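One chain is shown next in structure tokens, namely the form predicted on its own.
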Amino acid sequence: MNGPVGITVSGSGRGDGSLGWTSARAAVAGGHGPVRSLYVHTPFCVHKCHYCDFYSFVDQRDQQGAFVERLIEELRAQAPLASGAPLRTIFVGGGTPSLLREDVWRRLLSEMNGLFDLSLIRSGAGEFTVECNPESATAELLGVLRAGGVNRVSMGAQSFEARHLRTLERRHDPERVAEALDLAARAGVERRSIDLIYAVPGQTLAEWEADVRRALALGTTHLSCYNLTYEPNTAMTVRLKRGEFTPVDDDLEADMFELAGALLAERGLERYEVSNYALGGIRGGQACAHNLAYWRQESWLAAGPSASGHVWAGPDRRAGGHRWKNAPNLGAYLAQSDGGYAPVAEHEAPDRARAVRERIMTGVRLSEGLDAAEVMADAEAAEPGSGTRLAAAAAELEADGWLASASGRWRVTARGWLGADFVARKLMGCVGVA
């Protein structure tokens, strides 16, 4: 369902992991700590949805125990970089983490509580999110999660219309979403987010409005609304190329995007990132703190097959950071270990210009925008002349109505939300090769 949101890793590592072990070990060992966030990837699903391009496969319960033991080994190797300060955020994604057995979860949560300082999370000041599917979020599981420190769930509703769920090959009953959220509330999980997908083939504007209103009726304080994208090498894209369905018209998709923003704003859920809305906006206490760590280019550890991590190379962020992605292969993950570290498919060494581009890429997608003076200075330090080019590009985007400059920050306008990727590309092109 979710991995590090908005982060694309593309680098020089070999996909077989033979180069990756050393790269990952060096990245973590050479990182600047303490790291305050952790992402864990579980690859198991009850069914591989046709639109999903995250690493996952049909659940094999006989491998869950071995997977978690290997995961614990990897967490032990990485934990020293988080020592010295409590973790602020943990996010367990996949895949479908709620498919893991209760006994396996107990084992994992017990070890995590021993390896990391979770005092901030347990006090309620930190955030521990687990992605759940409605059909596998049982009372027993949610009780185990809450007892282990989980205080936020992200529920994959996707739609409340059965016809669209069938198109997406989601197998839950729409009514099950409310039941699962109620079970989470009864277990004491205070923060409950809902994921929705729009621009599903055949979906009307009225049906999308009904989905948003049903989500609001459940009392959620956080909503993620993702447009259906046709990723390469997914079954959904193959079906599209075969002509099995017609994608939603671009104008209708834009109308759906704007409608969601208007409806949610009426109820106090402000758009704080292109696809994400929270009660009170980015500073209201309901925004996903873990995803903000990604979008603000902070450091995070990553464990599990296909998990992506990032650690700054030193206290001066201008130097950039290490990025790596574990190999998306459960067999290799279980069989291969270098002192606990997983085989890695890709690794990027610190690069000053890339660090600026990445900050631009994610920063323009946030309601808080970018500190203009800071990003121009960092761009200039990375590549002389790029700060001047960046200022000129920003002025052009502002004149065209895509960007607004106020209080020393660049923020996208109402029009710019729809064209955030265009704005990002324009600005990123000013610093090195975007």
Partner chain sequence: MQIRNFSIIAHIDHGKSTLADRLMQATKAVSAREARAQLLDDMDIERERGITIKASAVTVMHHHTPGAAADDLEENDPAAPEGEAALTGGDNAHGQLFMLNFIDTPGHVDFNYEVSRALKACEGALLVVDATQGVQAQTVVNAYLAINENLTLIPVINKIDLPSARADEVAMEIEQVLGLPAEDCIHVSAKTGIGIPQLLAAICERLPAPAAPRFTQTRGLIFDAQYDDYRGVIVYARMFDGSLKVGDKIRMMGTGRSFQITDIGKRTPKPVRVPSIGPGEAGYIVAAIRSLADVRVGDTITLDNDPAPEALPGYKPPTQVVFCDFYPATTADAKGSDFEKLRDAIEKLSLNDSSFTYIPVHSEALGFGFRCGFLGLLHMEITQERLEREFQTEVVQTAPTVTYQVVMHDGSRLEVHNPAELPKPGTFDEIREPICKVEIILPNENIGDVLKLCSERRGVFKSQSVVGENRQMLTWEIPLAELIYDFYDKLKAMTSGYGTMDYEITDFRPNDLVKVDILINGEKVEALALICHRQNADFRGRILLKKLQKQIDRHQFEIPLQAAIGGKIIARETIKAFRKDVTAKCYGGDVSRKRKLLEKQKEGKKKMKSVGRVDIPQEAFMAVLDQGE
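Quick caveat: nothing in here was measured; it's all calculated off a predicted structure. Numbering follows the first chain given and starts at 1.
Keep in mind that the form predicted together with its partner chain is not shown, yet the notes after this line are about it.
Not one of Phe128, Met155 and Glu169 places a heavy atom within 4.5 Å of its partner chain in the predicted complex.
The partner is absent here, but in the predicted complex a heavy atom of Trp295, alone among Trp208, Tyr272, Trp105, Trp295, sits within 4.5 Å of its partner chain. Though its partner chain is absent from this view, in the predicted complex it lies within 4.5 Å of a heavy atom of just one residue from Ala77, Leu279, Met361, Ala82, which is Met361. Its partner chain is not drawn, but in the predicted complex it has a heavy atom within 4.5 Å of Ser308. Of the heavy atoms in Asp250, some are within 4.5 Å of its partner chain in the predicted complex. In the predicted complex, at least one heavy atom of Arg365 sits within 4.5 Å of its partner chain. Residue contact check for Leu334: none of its heavy atoms lie within 4.5 Å of its partner chain in the predicted complex. Residue heavy atoms within 4.5 Å of its partner chain in the predicted complex occur in exactly one stretch of 208 to 216, 120 to 128, 352 to 360, 173 to 181, and that stretch is 352 to 360. Counting a residue when any of its non-hydrogen atoms is within 4.5 Å of its partner chain in the predicted complex, there are no hits in 165 to 197.
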